[in-house]
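Only one chain is given next, in structure tokens, and it is the form predicted on its own.
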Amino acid sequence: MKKFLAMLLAIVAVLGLSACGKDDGLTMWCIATKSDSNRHSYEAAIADMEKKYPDTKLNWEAIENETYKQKIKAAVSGNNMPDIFFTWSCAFLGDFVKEDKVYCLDEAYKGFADKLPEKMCKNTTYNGKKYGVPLTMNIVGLFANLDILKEVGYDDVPATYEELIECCNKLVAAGKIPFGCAGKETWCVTEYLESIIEKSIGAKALDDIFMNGATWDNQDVAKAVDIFQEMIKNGYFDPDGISLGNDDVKANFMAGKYAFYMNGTWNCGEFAGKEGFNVKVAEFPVIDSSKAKLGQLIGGPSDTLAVAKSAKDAENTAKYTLELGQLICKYGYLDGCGLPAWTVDYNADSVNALTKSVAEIVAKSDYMVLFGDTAMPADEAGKYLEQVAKVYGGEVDGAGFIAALKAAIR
């Protein structure tokens, strides 16, 4: 009987080291669809984990960005969450933490503290406790097709706002479309609008609106919205973009239909990998130098993995998730899908030049404002995106935009 009990205890101890039971495995949801820039980083990381933990089966599902936001929110409300799930940091994850649906990673983090800097966990720390595993970090970049710019007399990306407007006018006169923007996915519109607002009113003022309770009733914001709409009216944007998704717009940019494309720097690997594609990345120029300056960016550590409080063997799942997150970060950085949130302890000489230029932009920056729909609580973000869509569709102007958000939010 003693031998039997000893054997039984040994079996229990071994099973406790596994991240999940061998029968059902772990479940994970993410947004790394087959067309997503991060797809390979997930596939490579999961393959490494399968080799290291052959008894741990990971059943993962990738869902398109906008659909995913609704799916994960419904799963949280209905107590039907996967064990591991992708999320955005700050308020998006914070809403789930407030509902007590996310497992605290403090204990598991201790084994990874030397590899994951504390500062990278800032956006996923709530009331002093860690709830998210940061992956890569990205900013909104102004990507430019230099071959198209050369056709209208430019050898580089316009450095000032005045030069950018002059360049756009020359492009339109030459029958070229300056910008492509996916109106079907409102987050893509925010990549343009938030950059224009930030370079008009300053990063601190925008950050205060998104995260610190400042009112939307700001005439400088209204002016920035009007600038964006004036660019649309002047023919700087593809008129078909209002009904296109991001994959279509990105494909058009890579095919030479647009001179510029404003989007996340997770696209660097894909752009750099296209043979003969002469592309450069820069930051959007300053519009009002009395309030804004270069080095003020939209972005920061946002992409995150989290563990549901209902997860199987939650503490070991937390350790598994941290290790998986580190690998996704590694492969994402090597692929050019973002800058690493984790310490680089591997050879990164193969990182493409476009991603390295993003690192230089970030190194010179002094303020980052996190993406608005991530920084704000879900209810506020929804109201904000509704008005952003109306701006792009020409349904409201700057005054209408701030009036609607003042009434709906503050």
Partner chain sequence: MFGRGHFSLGRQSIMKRKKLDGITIFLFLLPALVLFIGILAAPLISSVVNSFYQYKGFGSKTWLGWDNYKRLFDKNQIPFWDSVVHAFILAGFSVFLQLPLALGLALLLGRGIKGERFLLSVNFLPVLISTVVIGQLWLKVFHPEGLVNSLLRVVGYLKEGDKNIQWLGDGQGKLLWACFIPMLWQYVGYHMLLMYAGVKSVPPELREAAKIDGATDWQVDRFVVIPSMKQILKVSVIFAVTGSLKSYDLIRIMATLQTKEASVPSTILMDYMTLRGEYGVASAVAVLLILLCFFFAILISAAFKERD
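Numbering follows the first chain given and starts at 1. The structure displayed is predicted, hence computed values, not measured ones.
Omitted here: the form predicted in complex with its partner chain. The next part is about that form.
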For this session: Using heavy atoms only and a 4.5 Å cut-off, decide whether all three of 162, 213 and 291 touch its partner chain in the model of the complex.
Result: no
For this session: Decide whether residue 70 counts as a contact residue for its partner chain in the model of the complex under a heavy atom distance cut-off of 4.5 Å.
Result: yes
Exercise. Contact between residue 243 and its partner chain in the model of the complex at 4.5 Å, heavy atoms?
Worked result: yes
For this session: Please check if residue 184 has a heavy atom lying within 4.5 Å of any heavy atom of its partner chain in the model of the complex.
Result: yes
For this session: May I ask you to check whether residue 148 falls inside a 4.5 Å heavy atom distance of its partner chain in the model of the complex?
Result: no
Exercise. Using a 4.5 Å cut on heavy atoms, which of 278, 310, 77, 219 is close to its partner chain in the model of the complex?
Worked result: 77
For this session: Go through 192, 266, 96, 236 and name the one with a heavy atom inside 4.5 Å of its partner chain in the model of the complex.
Result: 96
Exercise. Want to guess which of 48-56, 359-367, 343-351, 373-381 is within 4.5 Å of its partner chain in the model of the complex, heavy atoms only?
Worked result: 373-381
Problem set entry | Residues from 45-65 in contact with its partner chain (non-hydrogen atom within 4.5 Å) in the model of the complex | none
